[in-house]
Ligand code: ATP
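Here you get one chain, nothing else, as C-alpha coordinates; it is the form predicted on its own.
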Amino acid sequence: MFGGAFDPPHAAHVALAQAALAELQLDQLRVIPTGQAWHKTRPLSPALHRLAMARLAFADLPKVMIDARETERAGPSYTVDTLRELQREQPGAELFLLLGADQARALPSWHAWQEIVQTAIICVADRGDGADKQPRFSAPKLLESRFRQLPMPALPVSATEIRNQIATRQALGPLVLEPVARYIEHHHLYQTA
(Lines give C-alpha, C1' and ligand atoms only; values in the text may rest on other atoms or scores of the structure.)
Protein backbone atom coordinates (compact mmCIF):
# COMPACT_ATOMS: atom_id res chain seq x y z
CA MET A 1 0.00 0.00 0.00
CA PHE A 2 1.28 3.42 -0.98
CA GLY A 3 -1.01 6.10 0.37
CA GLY A 4 -0.80 9.84 0.20
CA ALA A 5 -2.47 13.00 -1.00
CA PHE A 6 -0.84 12.75 -4.46
CA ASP A 7 -1.63 16.43 -4.85
CA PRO A 8 0.01 16.18 -7.38
CA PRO A 9 1.79 12.85 -7.86
CA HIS A 10 5.39 13.53 -8.86
CA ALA A 11 8.63 11.91 -9.97
CA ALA A 12 9.67 10.90 -6.43
CA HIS A 13 6.35 9.08 -5.93
CA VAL A 14 6.95 7.10 -9.10
CA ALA A 15 10.56 6.37 -8.11
CA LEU A 16 9.38 5.12 -4.70
CA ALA A 17 6.85 2.81 -6.37
CA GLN A 18 9.55 1.49 -8.74
CA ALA A 19 11.94 0.90 -5.82
CA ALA A 20 9.25 -0.94 -3.84
CA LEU A 21 8.29 -3.16 -6.77
CA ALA A 22 11.93 -4.10 -7.37
CA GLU A 23 13.10 -4.44 -3.77
CA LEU A 24 10.05 -6.09 -2.20
CA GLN A 25 9.04 -8.36 -5.10
CA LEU A 26 5.43 -7.26 -4.69
CA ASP A 27 2.57 -9.09 -6.37
CA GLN A 28 0.65 -5.81 -6.45
CA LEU A 29 1.15 -2.23 -5.34
CA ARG A 30 -1.97 -0.29 -4.49
CA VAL A 31 -1.60 3.45 -4.79
CA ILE A 32 -4.31 4.90 -2.54
CA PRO A 33 -4.97 8.64 -2.67
CA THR A 34 -6.29 9.83 0.66
CA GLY A 35 -9.84 11.00 1.09
CA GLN A 36 -10.34 13.52 3.88
CA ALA A 37 -6.84 13.86 5.31
CA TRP A 38 -7.11 14.34 9.07
CA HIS A 39 -3.53 15.64 9.34
CA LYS A 40 -3.55 18.22 6.52
CA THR A 41 -4.17 21.87 7.34
CA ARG A 42 -4.84 22.85 3.73
CA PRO A 43 -7.75 21.57 1.66
CA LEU A 44 -6.80 18.95 -0.91
CA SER A 45 -7.64 19.20 -4.59
CA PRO A 46 -10.83 17.34 -5.50
CA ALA A 47 -10.42 13.57 -5.40
CA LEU A 48 -11.39 13.12 -9.04
CA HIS A 49 -8.33 15.18 -10.09
CA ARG A 50 -5.94 13.43 -7.70
CA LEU A 51 -7.18 10.01 -8.85
CA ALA A 52 -6.87 10.97 -12.54
CA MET A 53 -3.34 12.31 -12.02
CA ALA A 54 -2.34 9.17 -10.09
CA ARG A 55 -3.60 7.00 -12.95
CA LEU A 56 -1.48 9.03 -15.38
CA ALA A 57 1.62 9.06 -13.15
CA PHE A 58 1.70 5.32 -12.46
CA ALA A 59 0.27 4.11 -15.79
CA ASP A 60 3.53 2.61 -17.04
CA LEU A 61 4.32 0.61 -13.90
CA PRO A 62 3.29 -3.04 -13.98
CA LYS A 63 1.51 -4.39 -10.92
CA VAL A 64 0.33 -0.93 -9.82
CA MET A 65 -3.35 -0.40 -9.17
CA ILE A 66 -4.93 2.95 -8.30
CA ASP A 67 -7.37 2.28 -5.44
CA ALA A 68 -10.05 4.92 -4.83
CA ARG A 69 -11.43 3.48 -1.58
CA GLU A 70 -10.27 6.28 0.70
CA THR A 71 -11.67 9.00 -1.55
CA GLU A 72 -15.04 7.22 -1.42
CA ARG A 73 -15.05 6.88 2.37
CA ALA A 74 -17.02 9.40 4.45
CA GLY A 75 -15.13 11.17 7.22
CA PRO A 76 -11.40 11.23 7.87
CA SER A 77 -9.15 8.76 6.06
CA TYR A 78 -7.17 6.57 8.41
CA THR A 79 -4.50 4.19 7.15
CA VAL A 80 -5.45 1.60 9.75
CA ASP A 81 -8.98 1.33 8.27
CA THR A 82 -7.57 0.73 4.80
CA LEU A 83 -5.14 -1.89 6.09
CA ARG A 84 -7.99 -3.67 7.90
CA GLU A 85 -10.00 -3.75 4.66
CA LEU A 86 -7.05 -5.06 2.66
CA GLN A 87 -6.42 -7.73 5.29
CA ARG A 88 -10.06 -8.88 5.08
CA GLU A 89 -9.98 -8.88 1.27
CA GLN A 90 -6.70 -10.79 1.06
CA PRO A 91 -6.42 -13.03 4.11
CA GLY A 92 -2.94 -14.42 4.57
CA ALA A 93 -1.28 -11.79 2.36
CA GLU A 94 1.78 -10.06 3.72
CA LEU A 95 1.04 -6.34 3.68
CA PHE A 96 3.62 -3.59 3.23
CA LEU A 97 3.08 0.12 3.86
CA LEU A 98 5.37 2.50 1.96
CA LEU A 99 6.34 5.70 3.76
CA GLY A 100 8.82 8.48 3.32
CA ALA A 101 11.12 9.05 6.29
CA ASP A 102 9.20 12.20 7.28
CA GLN A 103 5.96 10.24 7.55
CA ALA A 104 7.70 7.36 9.34
CA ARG A 105 8.93 9.79 12.00
CA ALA A 106 5.34 11.07 12.38
CA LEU A 107 3.87 7.54 12.59
CA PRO A 108 3.43 7.60 16.41
CA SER A 109 0.95 10.49 15.94
CA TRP A 110 -1.23 8.45 13.54
CA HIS A 111 -4.58 6.98 14.55
CA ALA A 112 -4.04 3.42 15.91
CA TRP A 113 -0.39 3.46 14.82
CA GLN A 114 0.51 0.37 16.87
CA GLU A 115 -2.09 -1.65 14.94
CA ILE A 116 -0.65 -0.31 11.67
CA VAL A 117 2.79 -1.60 12.65
CA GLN A 118 1.35 -4.99 13.63
CA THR A 119 -0.66 -5.27 10.40
CA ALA A 120 1.93 -4.21 7.82
CA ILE A 121 5.69 -4.15 7.37
CA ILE A 122 6.59 -0.45 7.29
CA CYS A 123 8.93 0.25 4.37
CA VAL A 124 10.72 3.55 4.84
CA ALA A 125 12.34 5.46 1.99
CA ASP A 126 14.73 8.29 2.82
CA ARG A 127 14.70 11.10 0.28
CA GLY A 128 18.49 11.03 0.24
CA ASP A 129 18.65 14.54 -1.19
CA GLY A 130 19.82 16.43 1.87
CA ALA A 131 16.58 18.47 1.91
CA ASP A 132 15.33 16.57 4.94
CA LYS A 133 17.17 18.18 7.86
CA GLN A 134 16.10 15.39 10.22
CA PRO A 135 18.48 12.54 11.00
CA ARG A 136 18.03 9.33 9.03
CA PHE A 137 14.97 7.39 10.21
CA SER A 138 15.58 4.53 12.60
CA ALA A 139 12.86 2.19 13.81
CA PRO A 140 11.95 1.97 17.50
CA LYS A 141 14.08 -0.76 19.10
CA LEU A 142 11.16 -2.98 20.13
CA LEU A 143 9.61 -2.78 16.66
CA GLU A 144 12.69 -3.06 14.43
CA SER A 145 11.49 -6.32 12.87
CA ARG A 146 8.38 -4.52 11.54
CA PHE A 147 10.40 -1.92 9.60
CA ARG A 148 12.51 -2.09 6.43
CA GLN A 149 14.65 0.55 4.79
CA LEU A 150 13.84 1.00 1.12
CA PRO A 151 16.77 2.20 -1.01
CA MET A 152 15.78 5.20 -3.11
CA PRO A 153 17.59 7.47 -5.53
CA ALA A 154 18.05 11.05 -4.35
CA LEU A 155 15.16 13.11 -5.72
CA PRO A 156 14.69 16.63 -4.39
CA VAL A 157 10.97 16.85 -5.21
CA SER A 158 7.98 17.78 -3.08
CA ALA A 159 4.31 18.34 -3.93
CA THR A 160 4.38 21.62 -1.98
CA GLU A 161 7.25 22.87 -4.14
CA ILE A 162 5.40 21.81 -7.30
CA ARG A 163 2.20 23.60 -6.27
CA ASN A 164 4.22 26.74 -5.46
CA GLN A 165 6.00 26.61 -8.82
CA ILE A 166 2.70 26.31 -10.67
CA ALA A 167 1.15 29.15 -8.65
CA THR A 168 4.11 31.39 -9.56
CA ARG A 169 4.09 30.19 -13.18
CA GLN A 170 7.51 28.54 -13.06
CA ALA A 171 8.44 25.62 -15.29
CA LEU A 172 8.02 22.18 -13.75
CA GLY A 173 10.79 20.47 -15.69
CA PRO A 174 11.21 16.85 -14.64
CA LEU A 175 9.35 17.24 -11.31
CA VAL A 176 6.19 15.61 -12.70
CA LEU A 177 5.66 13.26 -15.59
CA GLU A 178 4.51 14.92 -18.81
CA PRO A 179 0.95 13.46 -18.79
CA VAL A 180 0.45 14.80 -15.25
CA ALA A 181 1.85 18.23 -16.22
CA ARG A 182 -0.57 18.35 -19.17
CA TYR A 183 -3.48 17.37 -16.90
CA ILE A 184 -2.56 20.10 -14.41
CA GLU A 185 -2.37 22.68 -17.18
CA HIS A 186 -5.59 21.54 -18.87
CA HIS A 187 -7.57 21.69 -15.58
CA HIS A 188 -5.84 24.86 -14.31
CA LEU A 189 -4.89 23.18 -11.03
CA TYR A 190 -2.83 24.94 -8.34
CA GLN A 191 -3.08 28.31 -10.03
CA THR A 192 -3.80 31.35 -7.93
CA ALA A 193 -6.71 33.57 -8.86
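A residue's number is simply how far along the shown sequence it sits, counting from 1. This one's a predicted model, so the numbers in the text were calculated from it and none came from an experiment.
Another form exists, predicted in complex with this ligand; not displayed. Remarks below refer to it.
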Could you tell me if all three of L86, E115 and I122 have a heavy atom no more than 4.5 Å from this ligand in the predicted bound form? no
Give a yes/no on whether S158 approaches this ligand to within 4.5 Å in the predicted bound form, heavy atoms considered. yes
Can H49 be called a contact residue for this ligand in the predicted bound form at 4.5 Å between heavy atoms? no
Please check if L189 has a heavy atom lying within 4.5 Å of any heavy atom of this ligand in the predicted bound form. no
Is there a heavy atom of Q103 no more than 4.5 Å from a heavy atom of this ligand in the predicted bound form? yes
This ligand: the contacting residue among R163, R55, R69, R30 in the predicted bound form [heavy atom, 4.5 Å]: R163
If you apply a 4.5 angstroms heavy atom cut-off, which residues in 1-27 are near this ligand in the predicted bound form? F2, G3, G4, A5, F6, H10, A12, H13, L16
